[in-house]
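Presented below, as structure tokens, is a lone chain in the form predicted alone.
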Amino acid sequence: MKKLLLLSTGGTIASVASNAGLVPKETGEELIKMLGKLPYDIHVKDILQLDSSNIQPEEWKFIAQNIYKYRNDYDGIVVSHGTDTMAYTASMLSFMLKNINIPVVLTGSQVPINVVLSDAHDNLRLAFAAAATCPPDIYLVFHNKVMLGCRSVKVRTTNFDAFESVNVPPVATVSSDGLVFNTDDHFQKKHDGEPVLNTKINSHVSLVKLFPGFDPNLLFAMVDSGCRGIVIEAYGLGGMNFIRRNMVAAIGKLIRRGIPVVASSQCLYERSDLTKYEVGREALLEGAISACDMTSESAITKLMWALGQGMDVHEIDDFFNTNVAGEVTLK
């Protein structure tokens, strides 16, 4: 019987109704009781009790530290978490916990577990099954899908099918045959050393969605206020305007000031490619770093982590051209 740990952090899954709205109150033990009998030896530790809108870099570090602390005591760890920022947490854990030696599975629900038709029961059961059977890695489980944490994005606000695996298929799905694993080479990762906990990050970054009329001077205002790196969700393959409001020139000036600028796409699927159009090539020539097919959640957390290591612009460029945790498909 696999020995598994539930780290409870709050979220909708653990919420109850109050005069102020839904508030996380249920303990991890209460979550387990509502699941019924499972074929695992499950232990519980309540480490946080927060709506995930309040989960921030300090909590990422605390969650990572707990996972690392208990990694050798259990066969797998499940983290119950609110859905709104769960993809950010899963992405950051992928960088903070390099070579983790057990499966770590994040899950939550769209409806509290104490509601009759909640999706929490199925999500938790699948999370424990994944923690008992998946190879070591950071995963996010939701609505019959097991996804790499650094490829997961919340795409729906109320539908039970709230998360999607972006630009790679799910690691596994549930069918009448049980848990069916994808045999894609993308998931045949090899660990190259002992587990390492590294929670050093710099969260003084910004994620900017480009729109027609955006004033590039706002980027300088961010930097003057302490921003040390920027991810720009540009158009299509990564295009940026250079007529009148010259984003391209602004990016060049920022990079020469030592501020890395990462260009991703506003399109959820497929990649950014700064080499195809003039509006992308100009940005590339100025030093913009391509996020390729990374999610925005993964790009911003990867940038935070890189800055936390003291990397300069050139080192961050190289780092973004490295597949660390399955977060990017490189040519």
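Just so it is clear, the structure is predicted and the values come from calculations on it, not from any experiment. Note that residue numbering follows the sequence shown and begins at 1.
Same protein, other form: the form predicted in complex with a small molecule, not shown, and the subject of what follows.
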*asked:* Using a 4.5 Å heavy atom cut-off, which residue among 260, 170, 82, 239 comes into contact with the small molecule in the predicted bound form?
replied: 82
*asked:* Using a 4.5 Å heavy atom cut-off, which of 109-117, 144-152, 246-254, 174-182 contacts the small molecule in the predicted bound form?
replied: 109-117
*Quick one: is residue 66 in contact with the small molecule in the predicted bound form, heavy atoms, 4.5 Å cut-off?*
no
_Non-hydrogen atom contact residue 293 with the small molecule in the predicted bound form at 4.5 angstroms_ = no
*asked:* Under a 4.5 Å heavy atom criterion, is residue 59 part of the interface with the small molecule in the predicted bound form?
replied: no
*Using heavy atoms and a 4.5 Å limit, would one call residue 51 a contact residue for the small molecule in the predicted bound form?*
yes
